[in-house]
Every structure is written in C-alpha cells, then in structure tokens.
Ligand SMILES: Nc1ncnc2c1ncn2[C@@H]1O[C@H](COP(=O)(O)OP(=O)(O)OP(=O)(O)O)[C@@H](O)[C@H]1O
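Take a look at this one chain, the form predicted alone, written out in structure tokens.
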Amino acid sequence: MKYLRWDETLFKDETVFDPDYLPEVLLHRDKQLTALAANLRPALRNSTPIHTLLFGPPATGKTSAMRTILNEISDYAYTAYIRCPLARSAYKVMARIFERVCKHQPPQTGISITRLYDSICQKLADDGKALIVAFDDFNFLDDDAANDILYTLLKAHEEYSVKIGIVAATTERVMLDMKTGAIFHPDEIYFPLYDEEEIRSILMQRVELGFYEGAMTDEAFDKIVELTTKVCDLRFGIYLLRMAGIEAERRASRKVEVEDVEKVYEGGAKVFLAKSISALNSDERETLKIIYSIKGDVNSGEVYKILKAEVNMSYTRFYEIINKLERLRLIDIVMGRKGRGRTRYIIKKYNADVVMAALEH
C-alpha cells in the first residue's frame, strides 16, 4: 500500500526535532565538552568554577554543550540556566537565579534585587554548595544589565564567601565596562562551524531517532544536507527534516521525497532568517538590505559607498557590521581581485526575495 492511513505516521519520535531537544550523545564536540567539564569540575568540591566563555557562530553546539554539562553537575551544585533574550534586565536575571536556588518564585511585588541577591547567597552559604550561572545568548543582555549582574555575582565571595561560576555562550564579543572587565577573565572555548560531513552525521542521528526506518529517502536527505551546509545552520536542517516529514504526511505518502523538502524550504528559510534578523539593530538591518538589493556580485566598497551617503557611517563601524553578518551566517566574505588590487566580495547565502521578506517580518 503506497499511502498512509489516517492513523499512521512517519515519525517514530517527533520530539527529537524540537528546538530544545538535547541528544544523549552530542556529536563532534568532545573537545569542547571536555574543556567545559574541566572548568566546572571544582564546583563538585564546593570550590569556585573557572569562568568560561563559549564563543562561536550560531548553531555550533554551544547551548547543547552547556546544557549537557549542567545536567551532569546539577546533583552536586546549584545551576541556573538563563535565556538572555527572555531575561534582558538585571532584575529578571536575578529572579531566575533566585527561583533555581531557593526552589520557588520570588514575590511578584515588594522585593528588591538586593534582597533577592542576599537570599541567594545565604542559601548557598547554608547549603555549602557552589552555584553555576549559565547565560545563553549572553550578547542579548542589555549592556548595563550585563555589567551589573556580572559584577554583583563575581563579588559575592567577598561578602558571603560563596562560590559562583559564570558560563556565557555568545556569538559576538561582549563589551564590558572597566570595573567588570577588571574582574571577569573567562577561559574561552571556541565552537567552529560544522563541516558537511559533520552536518550529515548529526542530521542522520536525528533521522534515525525521529523517523521510522525507510521513511526518509536518500535523495531527500541529501537535499537537506546540501541546503543546511549552504547556510551553515544545523537548526535549519533539523527544521527541514521535521517539516518535510509533515509535508509528506500531508500528501499521505509513506516516504519523504525531494519534492517535500523543496516545498518547505522557502518558508523555512524565512522563519530562520527572521530569527537571525531579530538580533540586528537598524544600521545592521539597513546594511543587510543594501547587500541583498544589489544585483550580481557585491563588493564591500560598493556597499560602504551607499551606506556612507545614506547614514554617514564610519568605515570602522561598517567593518564591524559586515563581520557580524558573516558570523550570523547571513553572508560570506571572500577576498578577490578588482582591477590591479584586491577587494572583499560579499557572497549572498540566501535568495534575495526571501531575505527582503524576512526583513519586513
């Protein structure tokens, strides 16, 4: 029988395609996991963990590595995992830490950040346990909040003799003020982009866990690997796996075909572009818009000339923006010849219409 009945499904476990799913085995990140575990191991002895910065492009395993090690250490130390896009102020961050350490939510009104902090430190002192605060997407914290919360946590040992370690995952360098920067010297663990073979093996792991055997055709899987490698974003590949499966079920097909992948690709690209673009400020969005509005090859000098005329942007600022757009995998930059000299060419990673639609989202 070729077609699915109404009560049949291609999915063995659809949860493995959820954004928050954490695989039991994190592929191709042994070096980073080992380094992070070593830095946090002192917390097992109620000693101060080594502060750590997880740095690298989006979708390179920083969050998964952080959550994996936190899960292992949570029986021996207090851990507080903070999603910075959802808790951008110092008060919200301290409230999340209070909830994790004191095991209940703080009162809705009438309690200051200082009282929250005092309660957290007193609990740590009473229980004789270290605390690890893990900031995911640390660059989303407001600058004042980042400085205030880091300085407060890093000074806790002086007043309460408690042990607090910081882990921060970020896609870009975070500028701290002199006061905070003077006491925050994290060990850096770099997470490079996955290459094509690594992407293939990670996506195959999800296929084997999430789909019934034979539900994904080789051609459809190869297409997803190709599209994922092009944008260098594993989250996009995992999204395509799920949505292509859903599209195949919509057709009542017993197999995911290339046509299912192609059907969901454009919509999926818009979704993931919108997420990346949400991290851009107005100058960065304008730069991206200009890049994708130029037909054919784009060189950096051409883009800067337009930006300087429109917003009077300095070249230093333009250079920072171009590098950020590359880190977010929205463009690629390559060196090439122009006349007798050399210039930086900007390679568009997406269809221009898809980017423009995402910018208007």
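Rigid core (definition): largest C-alpha set, two forms, superposition within 1.5 Å. What you see is a predicted model; the values in this text were computed from it and never measured. Sequential numbering from 1, following the sequence displayed.
Below, we turn to the form predicted together with the ligand, even though it does not appear here.
Only one segment in the set 63-71, 288-296, 42-50, 308-316 has any non-hydrogen atom within 4.5 angstroms of the ligand in the model of the complex, and it is 63-71. In summary, among the residues T180, Q205, T152, S253, the only one with a non-hydrogen atom within 4.5 Å of the ligand in the model of the complex is Q205. Residue D137 is the only one of D137, D283, E99, E247 with a heavy atom lying within 4.5 Å of the ligand in the model of the complex. R29 belongs to the set of residues with a heavy atom inside 4.5 Å of the ligand in the model of the complex. Mapping the unseen interface onto this chain, R235 counts among the residues with a heavy atom inside 4.5 Å of the ligand in the model of the complex. Mapping the unseen interface onto this chain, Y194 counts among the residues with a heavy atom inside 4.5 Å of the ligand in the model of the complex. The ligand is not shown here, but in the model of the complex it comes within 4.5 Å of a heavy atom of Y21. In the core-superposed comparison between this form and the one not shown, the C-alpha atom of R242 has shifted by less than 2 angstroms. Taking 2 Å as the criterion, K275 counts as shifted between this form and the one not shown: its C-alpha moves by at least this amount when the rigid core is aligned.
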